[in-house]
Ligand SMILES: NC(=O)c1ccc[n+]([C@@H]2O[C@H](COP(=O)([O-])OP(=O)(O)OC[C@H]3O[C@@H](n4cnc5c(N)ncnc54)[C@H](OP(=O)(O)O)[C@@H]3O)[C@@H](O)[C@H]2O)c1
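Only one chain is included here, represented as structure tokens and corresponding to the form predicted alone.
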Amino acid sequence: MRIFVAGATGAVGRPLVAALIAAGHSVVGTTRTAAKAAIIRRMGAEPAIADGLDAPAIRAAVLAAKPDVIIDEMTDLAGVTDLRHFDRAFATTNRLRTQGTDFLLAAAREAGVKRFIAQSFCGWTYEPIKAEADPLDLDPPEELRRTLDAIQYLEDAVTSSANLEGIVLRYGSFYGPDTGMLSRAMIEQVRRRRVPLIGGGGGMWSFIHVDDAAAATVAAIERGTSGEIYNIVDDEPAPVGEWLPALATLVGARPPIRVPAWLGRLFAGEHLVSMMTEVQASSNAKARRELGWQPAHPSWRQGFAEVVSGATAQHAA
């Protein structure tokens, strides 16, 4: 099939393009800059230079590509580490989730695209039970509200879109080589002990290796059901009090500083205290059952260690 990947040079975009080509698909991938077009060509895909917030450019790129499927992986999160101002850090990404989604959906309908798959997120956005049908957080901390609203907008727009088979994939917290939880910026923060363990660290996080996120996305092209949402996470959710000290050990850092919840609220904000102490993990049972997918990295323990070990070996070479 002909696949249009919006955001082809991002955290999931790169492994996704590679996985699609390996599966025999023809791929057109977007990037905002001409400099990154060469990256897409080297992966074996056709580049299209278009800003996701530029409606005419997106329309022209989609119509020229004539795809069967569009996959929306557009975010603007490279190097984001200041989560104290969460909604500010996610401002452009939230515009991509709202305006950008509308632009892509409109272009998809005009081009006669059959299937539309969009990236969403699971983690802090749920109420205590973690299946896809359960409600998102009905009363999030104020600093998270605009981001949650943007996620809800994207999910509703895609799953209810007329004349399209819309599917949403809620990825867990990303990690991979110099990506997400294991980006150089994040590792540096951990090494400098700037990521404290707040309260009891009981918040449960779900992770996903970017290669596994890509594999699930490929599976959704053929086996996903229109109008459905799938959690794409590994098999072993973990409390912050477990994964954060383990990450510090892996990267050769001292244990994280412990901060009581009241002090965390004062200096970091209610939203970070919630993320560290209250969030709930997600189940991948539906994706396993309906997409025929399972993570090659079933545990963040194995995955974190593999990525850090590979980076260390590369640096030594």
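Position 1 is the first residue in the sequence shown; the rest follow in order. The shown structure was predicted, so the numbers you read here are calculated from the model rather than taken from an experiment.
We do not show the form predicted in complex with the named molecule, though everything after this point is about it.
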{"query": "Candidate stretches 245-253, 258-266, 280-288, 28-36, one within 4.5 Å of the named molecule in the predicted complex by heavy atom", "finding": "28-36"}
{"query": "Residue among T98, T159, T147, T179 with a heavy atom within 4.5 Å of the named molecule in the predicted complex", "finding": "T179"}
{"query": "Proximity to the named molecule in the predicted complex, single hit among E132, D211, E155, D76 (heavy atom within 4.5 Å)", "finding": "D76"}
{"query": "4.5 Å heavy atom contact, Q119 and the named molecule in the predicted complex", "finding": "yes"}
{"query": "Residue contact check: Y171 to the named molecule in the predicted complex, 4.5 Å heavy atom", "finding": "yes"}
{"query": "Exercise: E270 in contact with the named molecule in the predicted complex, heavy atom 4.5 Å", "finding": "no"}
{"query": "is_contact(V69, the named molecule) in the predicted complex, heavy atom dist at most 4.5 Å", "finding": "no"}
